[in-house]
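The data below hold one chain only, encoded as structure tokens and taken in the form predicted alone.
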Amino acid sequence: MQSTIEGAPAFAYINVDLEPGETVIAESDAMSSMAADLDMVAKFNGGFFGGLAKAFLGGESLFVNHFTNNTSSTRRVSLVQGTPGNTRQIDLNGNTFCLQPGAYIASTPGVNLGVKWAGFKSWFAKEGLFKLTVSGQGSVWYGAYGGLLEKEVDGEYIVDTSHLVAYEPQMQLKIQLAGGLFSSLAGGEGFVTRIEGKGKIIIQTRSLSGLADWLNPRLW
């Protein structure tokens, strides 16, 4: 299996070239185009109860689509996320990665998707009460609105709420005011996420909540 990400950073999409017998699993409605002789089968996202948990707690779809190449030569499927922005690939080798709800796009068989309690601190950070985890063996494609910045943290780092896309599971999240009470409110920053530990985080340069806040006053 070969994959390329094109159209980045604003309108990224994923081309996955499947060899005979290979399968890629993608979120519902992620397929933008595919070879006419590829087979597509919709399945529950981790079984019935697992699919319900991911749909209602992890921000993912109840069903996922399995695209399988049952021909004798290479076939391509192109996948996209629902919002404009960038997309990345991470290769797992027995390790685990945490994604914000809605960031997952696709993966190869052998990758396990799970939902874990993220805590009220994550909810205050506008990341949701639950987090999606990916683990196992294989490739995962994820994305977010805006560009994606990778940061290696060793100690502490501050990220504005709703901008954290992904992080390694050993990282600890804490919620705090951006500054003093007056500065936080008057400066418009409010709450921020303090990330502690040593590991990698992924930050999105834009947020849908920020876009909504900018648009709402202009729609009336």
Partner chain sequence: MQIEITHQPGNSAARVSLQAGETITAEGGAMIAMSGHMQVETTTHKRDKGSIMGALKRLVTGESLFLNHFTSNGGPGEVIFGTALTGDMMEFQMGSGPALMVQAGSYVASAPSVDMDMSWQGFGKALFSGESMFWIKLTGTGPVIINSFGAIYPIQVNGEYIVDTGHIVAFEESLNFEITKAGKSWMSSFLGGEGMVCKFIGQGTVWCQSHNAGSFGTALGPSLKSH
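Keep in mind it's a predicted model, so treat the numbers as computed, not measured. Numbering follows the first chain given and starts at 1.
There is another form of this protein, the form predicted in complex with its partner chain, and it is not shown here; the text below is about that form.
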Checklist entry - Quick one: does residue 63 come within 4.5 Å of its partner chain in the predicted complex, counting heavy atoms only? => result yes
Checklist entry - Is there a heavy atom of residue 76 no more than 4.5 Å from a heavy atom of its partner chain in the predicted complex? => result yes
Item to check | Close approach of residue 25 to its partner chain in the predicted complex, 4.5 Å, heavy atom | outcome: no
Next on the checklist: Can you tell me whether residue 203 touches its partner chain? I mean in the predicted complex, with a 4.5 angstroms heavy atom cut-off.
Outcome noted: no
Checklist entry - Out of 106 to 114, 91 to 99, 131 to 139, 78 to 86, where are the residues with a heavy atom within 4.5 Å of its partner chain in the predicted complex? => result 78 to 86
Checklist entry - Taking its partner chain in the predicted complex, which residues along 1 to 40 bring a heavy atom to within 4.5 Å of it? => result 11, 12, 13, 28, 29, 30, 31, 32, 33, 34, 35, 36, 39, 40
